[in-house]
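Take a look at this single chain in structure tokens; it is the form predicted on its own.
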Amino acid sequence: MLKTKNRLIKDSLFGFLLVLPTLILLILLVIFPVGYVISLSFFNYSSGTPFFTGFTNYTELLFHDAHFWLYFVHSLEYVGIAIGAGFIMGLLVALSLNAINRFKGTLRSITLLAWAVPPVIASLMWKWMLNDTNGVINDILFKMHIISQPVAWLALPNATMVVLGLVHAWTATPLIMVILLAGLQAIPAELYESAAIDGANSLQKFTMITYPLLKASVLSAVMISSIFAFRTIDIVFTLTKGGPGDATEMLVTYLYDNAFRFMKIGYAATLSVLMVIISILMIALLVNIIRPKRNE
């Protein structure tokens, strides 16, 4: 009995030692930075010497800073446009690839090219394409006689957010496609064969079989891509820097300005904490809306 107990203790100690490096990395790279940022949010650094202010930064942001709520709405618009368009494109590509039998590997590699391009490089590429004087998009629209004069795509107060969202959708589509394609390939082919025997058409197969069984993949794709879109600064900063005016200013650009332009470190830390809380609430909402029901 004593030998068995000692052996269990040794096994437990050995297991702990195996996990210890991962725990140390987790503490150093995740827990400590998160705790440090939370602690920063309770201080004011504007005078050069930090002094404790309690929840002043939080009350200032939530109840007295009109920019916070305006940029919060802008962030939701950006996420909605980007992930909405990206999901539609990703689903269409995934359905197409799932139905194709020849050259599957080659076609999948081609669709992943947008994912391989770094966001900053993709943003610079789109900035050139959207240029109002020598951009390729205006040139194509000219030749198709759709427009008669150049369009400043990145200077339209009421449409620039849509342009930014579509650019992000281009970068997000491959990730969404990969997740949805994996879910599609997990659906048994026998279900479609049975539905075909019963006389179901393509739309009925999608609504009764594909989408219900794909909900878990849809949830994963939408959650991951939404979090990426909510915290993305590369595309916005490269293309518009929040302009024209503040039409495309978002929480992430507001955080950057407070931290590196205005040197309001405590205020920026508070904003980052609130963004994490918003992300958690957004995930909870998506899970509640999209997750498969037990009766499905």
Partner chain sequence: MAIKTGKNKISSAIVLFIYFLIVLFPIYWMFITGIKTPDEIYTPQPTYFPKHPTTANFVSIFTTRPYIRYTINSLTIALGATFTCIVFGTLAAYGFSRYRFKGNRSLRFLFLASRIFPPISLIVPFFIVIGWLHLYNTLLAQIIINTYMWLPFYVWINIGFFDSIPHELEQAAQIDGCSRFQTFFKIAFPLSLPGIAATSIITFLGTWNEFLYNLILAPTERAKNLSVGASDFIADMFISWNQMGAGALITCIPAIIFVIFFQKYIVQGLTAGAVKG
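Predicted, not measured: the structure shown is a model, and the values here were computed from it. Numbering follows the first chain given and starts at 1.
What comes next is about the form predicted in complex with its partner chain, which does not appear here.
Colleague: Just to be sure I understand the contacts: of I233, L62, A247, L70, which is the one whose heavy atoms reach within 4.5 angstroms of its partner chain in the predicted bound form?
Modeller: Contact residue from the list: I233.
Colleague: Would you kindly say which of V163, V218, L184, V178 lies with a heavy atom within 4.5 Å of its partner chain in the predicted bound form?
Modeller: Result of the distance check: V178.
Colleague: Looking in the predicted bound form, is its partner chain within 4.5 angstroms of a heavy atom from every one of S46, F55 and L156?
Modeller: No.
Colleague: Can any non-hydrogen atom of V19 be found within 4.5 angstroms of its partner chain in the predicted bound form?
Modeller: Answer yes; at least one heavy atom of V19 falls within 4.5 Å of its partner chain in the predicted bound form.
Colleague: May I ask you to check whether L23 falls inside a 4.5 Å heavy atom distance of its partner chain in the predicted bound form?
Modeller: So L23 counts as contacting its partner chain.
Colleague: Wondering, does S226 line up within 4.5 Å of its partner chain in the predicted bound form on heavy atoms?
Modeller: Although its partner chain is absent here, S226 would stay clear of it in the predicted bound form, with no heavy atoms inside 4.5 Å.
Colleague: Does L285 reach its partner chain in the predicted bound form if we count a contact as any heavy atom within 4.5 Å?
Modeller: No.
Colleague: Taking heavy atoms and a 4.5 Å limit, what residues of 147 to 176 are near its partner chain in the predicted bound form?
Modeller: Counting only heavy atoms within 4.5 Å of its partner chain in the predicted bound form, the contacting residues of 147 to 176 are W170, T173, P174, L175.
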